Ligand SMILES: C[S@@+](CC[C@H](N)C(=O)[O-])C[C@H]1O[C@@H](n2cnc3c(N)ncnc32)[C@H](O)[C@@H]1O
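One chain comes next, on its own, written as structure tokens: the form predicted on its own.
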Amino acid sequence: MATFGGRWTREKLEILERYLKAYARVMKNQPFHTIYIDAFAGTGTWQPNSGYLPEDYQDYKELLKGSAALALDIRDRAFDRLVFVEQDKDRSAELRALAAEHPKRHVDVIAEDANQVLPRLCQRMTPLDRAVVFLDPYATQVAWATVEAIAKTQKIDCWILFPLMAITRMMPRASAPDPSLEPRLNRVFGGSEHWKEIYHEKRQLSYFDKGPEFERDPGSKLIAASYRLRLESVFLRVAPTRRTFENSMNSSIFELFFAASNPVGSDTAIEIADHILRNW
């Protein structure tokens, strides 16, 4: 059972659920084979922790449905196949138990690294396959190569939860990141040039300075904007609106993006997703 989460978790899942329902309506009379892929599926349920205020918690004592369970509940045009990827053995076991409750559904639970699984799934997609992918990492697990593989299919709509707080902590304001963190930043952004551009050279104070030093502007907006530019470089379209989630201390922790890769359906997908992001 997942015990993390707060208001932002509920909001994130409501946004996803609204999109999946709209996607099902759009695809209801289409000839495509529809797939839902949950790349960091957890257990299928979650329970609020202290991130909720006491007065809110009374309404959410029970286990709440996570993204995998919500996808299974889509009925207007049920997904033909659901793929739940969860590397943790205990969590994947709970997902298999969830799948067993739906014996008539085609559900695959894969206990492997999502960055290994998703490129394989993308390569195997047929011309009649269409998919929604939910990238909901716990931290900085999503590699840029995985995002690129999704975009190249031209068959996938993708929700991406970007770990804004984790990345911000790795990128100090007053200095360049510690060299030990650079490989992880390169993996997330797809190359050092895409995060180093956030920094600018400090003004030299004297001739005795050892060499150029770097800093970045305060806050995390430029970091989120830089990742959005990366998404725009590989996806056909990215929703104009993105959602920033905050913790109980009003600090930005995640940024939710939506990107579409299909040349025919991207306009409709973006219109639906952007409407949801602006209104919920």
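The numbering used is simple: start at 1 and walk along the sequence shown. What you see is a predicted model; the values in this text were computed from it and never measured.
One more form of this protein should be noted, the form predicted together with the ligand, which is absent from this view; the next part is about it.
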item	value
Listed residue (186, 153, 168, 115) with a non-hydrogen atom within 4.5 angstroms of the ligand in the model of the complex	115
Residue (of 76, 88, 73, 108) lying close to the ligand in the model of the complex, criterion heavy atoms within 4.5 Å	88
Residue 38 within 4.5 Å of the ligand in the model of the complex, heavy atoms	yes
Contact label in the model of the complex: residue 157 to the ligand, heavy atom within 4.5 Å	no
Any non-hydrogen atom of residue 177 within 4.5 angstroms of the ligand in the model of the complex	no
Touches the ligand in the model of the complex: residue 137 (any heavy atom, 4.5 Å)	yes
Listed range touching the ligand, judged in the model of the complex by heavy atoms within 4.5 Å, from 177-185, 190-198, 122-130, 137-145	137-145
Sequence-ordered list of residues in 15-36 near the ligand in the model of the complex, where near means a heavy atom within 4.5 Å	none
